[in-house]
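Next up: a single chain in structure tokens, the form predicted on its own.
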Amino acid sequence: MPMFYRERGLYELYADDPERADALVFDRRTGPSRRGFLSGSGLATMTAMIGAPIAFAEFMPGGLIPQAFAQGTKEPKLLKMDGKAELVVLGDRPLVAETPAHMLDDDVTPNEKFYIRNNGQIPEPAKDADAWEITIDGEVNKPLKITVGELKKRFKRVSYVLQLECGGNGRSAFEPPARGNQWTTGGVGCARWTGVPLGDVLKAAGLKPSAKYTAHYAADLHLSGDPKTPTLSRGVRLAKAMDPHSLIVFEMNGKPLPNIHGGPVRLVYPGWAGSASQKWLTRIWIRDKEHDGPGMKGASYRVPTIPGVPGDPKFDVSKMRILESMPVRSIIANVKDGQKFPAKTREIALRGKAWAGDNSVRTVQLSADFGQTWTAAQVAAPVNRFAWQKWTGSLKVPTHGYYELWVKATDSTGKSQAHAAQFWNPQGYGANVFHRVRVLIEA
């Protein structure tokens, strides 16, 4: 918890009863829209709790829980694992851990900082990585059983910097909470992956005209311990499988693929929900229809096509589509949440990353006044398709006090991030709210 917080009561109230907290803090006479101004007593309460004046308090929107109170008082559990940084643990069984935004400042995410998302029990490391076998069968003319060593010898090796993102990234922004690990912004990384194009391997197997979809299987054991139950088996449309950036990979950042990240071999479908990028890959079954394995049914990895009622226990899953390309997102990576700046600081230099699934990032904008005004950042081109894009910019701050630094991105189709999670769904996919970082400029 940042050092400048003095009391805790309102944090707990916002966590337990945000409606009541807003009623106490924001002037309800402005009407039911909950976008009113801070009441005099509310501003005094917040100022006392933070221990500093709230810059641009007159623009703080009602109903948008101030970031100073939104994260509660519970200290995060940090990962303790050889070869890994202190990621934030979201789940122990299976192991799930996200990377804080301030640890994602590298243009290429180091292995130790890359997020972890498992669905079953982590397999033991392969004794002989090159002897690991993968089967390609189904709607193919020449089924293959090929080792990793044979893949390396038979097919052209390629390396790309590709972003990989958990389908549930941003889930914690949904209200009411959706099921699953409560990811904030850290279910993403952009590594240099080396392997062979999946399309080249499928061509070698000879795709039949009936081939439409892939189905993936892996060596991780189901949490139940039942070896006959797949932990997760998702797939993609054949067009995505044949994209030259869709890879069977065996190296990550120039080193053999670590076991924790799916070694010795995995799939990488950049820009799409990471669950499709099967770790510990053992089989690709080519199907003549959409795959229906674990993780492909009901509300799993699906987003609504029309808005539904948030929290509805009878949410209509028939009006949902498979989550494929991930939505546009951006993060501030060079300023840590809760960071202090010295007195007389009047401009804060910022940089970070932005990405947009199958699309590119068109613009990135920054705000220090709760979105009342926005300043354009400079956005660099990706080093290759599906790599995230670096942005740089700065914000001027008129005085000392508490600020929230906001960033939002817009993709090449014109879609932007929002101030609140849109299209609530039971499993919590697609929430791409502004990244908000709280800072204090000392008096």
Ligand SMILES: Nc1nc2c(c(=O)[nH]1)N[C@H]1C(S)=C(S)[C@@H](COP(=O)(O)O)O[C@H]1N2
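Throughout, we count residues from 1 along the sequence that is shown. The structure displayed is predicted, hence computed values, not measured ones.
There is another form of the same protein, the form predicted together with this ligand; it is not shown, and what comes next is about it.
Shown alone here, residue 362 lies farther than 4.5 Å from this ligand in the model of the complex, counting heavy atoms only. In the model of the complex, this ligand sits within 4.5 Å of a heavy atom of residue 260. Though the partner is left out of this view, residue 218 does reach within 4.5 Å of this ligand in the model of the complex, counting heavy atoms only. Residue 172 falls outside the set of residues with a heavy atom inside 4.5 Å of this ligand in the model of the complex. The listed set 326, 249, 164, 354 contains one residue whose heavy atoms approach this ligand in the model of the complex to within 4.5 Å, identified as 164. Out of the listed residues 334, 182, 300, 118, 118 is the one that sits within 4.5 Å of this ligand in the model of the complex by at least one heavy atom.
Taken together, 103, 160 and 253 are entirely out of contact with this ligand in the model of the complex: none brings a heavy atom within 4.5 Å. The stretch among 339-347, 313-321, 142-150, 261-269 whose residues place heavy atoms within 4.5 Å of this ligand in the model of the complex is 261-269. Residues from 253-288 that approach this ligand in the model of the complex with a non-hydrogen atom closer than or equal to 4.5 Å are 260, 261, 266, 274, 275, 277, 278, 279, 280, in the order they occur in the chain.
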